[in-house]
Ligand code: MET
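The chain below stands alone and is given as structure tokens, in the form predicted alone.
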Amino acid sequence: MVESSAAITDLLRQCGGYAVIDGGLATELERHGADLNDPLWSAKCLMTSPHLIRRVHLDYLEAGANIIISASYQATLQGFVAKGISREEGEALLRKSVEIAREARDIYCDRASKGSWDVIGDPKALKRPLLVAASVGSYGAYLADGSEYSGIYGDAVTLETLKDFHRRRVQVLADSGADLIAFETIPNKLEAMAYAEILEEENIKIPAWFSFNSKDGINVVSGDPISDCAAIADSCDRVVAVGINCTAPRYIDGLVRSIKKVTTKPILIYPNSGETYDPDRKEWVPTTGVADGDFVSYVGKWHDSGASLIGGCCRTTPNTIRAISKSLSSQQDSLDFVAP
């Protein structure tokens, strides 16, 4: 287990200055036949079809991902209780989400070492570091009403409300065997503050990243400035990287530049396909979607802007990640070629 603030910097050093995050989980589970029409969303598969989660993790590893993210985004103790699952069973499911990802990593490494897979056509990939990130979704994700895409929780939800909601879940995931904790799709400054305080108060030993979402390229979805939110991440020693996820690709470059002004920590980005989520219909609406191969045209710009960890979020696929991995590898090969 990686237990120091050097987790991401060591990863980047070993990978040559960049690393690849995996892509969308829920849509891939659905493609493999999972029914996610449930408040637990992808976390439902922890009970009904863990083999599908493992399969998707393996697909992303084969595509070149350095970091795979557990199926715990929608897995909350409160959500499990609402489905008649005890807190003890809920905690076991949280741990199971990380166990599945670790199993996938072990299977991948075993097969790769035996030459069972052509690992993205690059012999160096056999030795690349692989980390498991335990996902923590926002309070809005638990509500399952689309508020993770608005960040508007109402006056009744305070800093203490959010800390009480997340605390035990973070404790369990921190002790689950994951290499780091990924606080994802953070929609407002208040929740970022809650996460930072939990990390400090509970003396969480494994490193974390904070990843916000935006719908205008300037602010997070609640309207809080991205610079204010990133500054909270920068001020917390246990946060080792900060960035953006589940945001349209066209906004990423400007957001990375804004984040870079307030932190020297590594910047991560894993945008969605560019489509828009309709919380009333509970589905993704085709608007300005980006095809898998088109991500390649963005990757160089994102990397040049300052992003060093790049992947995909909702509606992206292993093909997206393969394209990103090959693009970054080609960039690195070019730099190696021209280096004195």
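Remember, it's a predicted structure, so these values are computed and weren't measured experimentally. All residue numbers are counted from 1 along the displayed sequence.
Not pictured, yet referred to below: the form predicted in complex with the named molecule.
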{"item": "Contact label in the predicted bound form: L46 to the named molecule, heavy atom within 4.5 Å", "value": "no"}
{"item": "4.5 Å heavy atom contact, Y73 and the named molecule in the predicted bound form", "value": "yes"}
{"item": "Partner contact for E99 in the predicted bound form: the named molecule, 4.5 angstroms, heavy atom", "value": "no"}
{"item": "Proximity of C313 to the named molecule in the predicted bound form, heavy atoms at 4.5 Å", "value": "yes"}
{"item": "Answer range among 143-151, 81-89, 252-260, 169-177 for contact with the named molecule, defined in the predicted bound form as heavy atoms within 4.5 Å", "value": "143-151"}
{"item": "Residues of 199-217 having any heavy atom within 4.5 Å of the named molecule in the predicted bound form, listed in sequence order", "value": "none"}
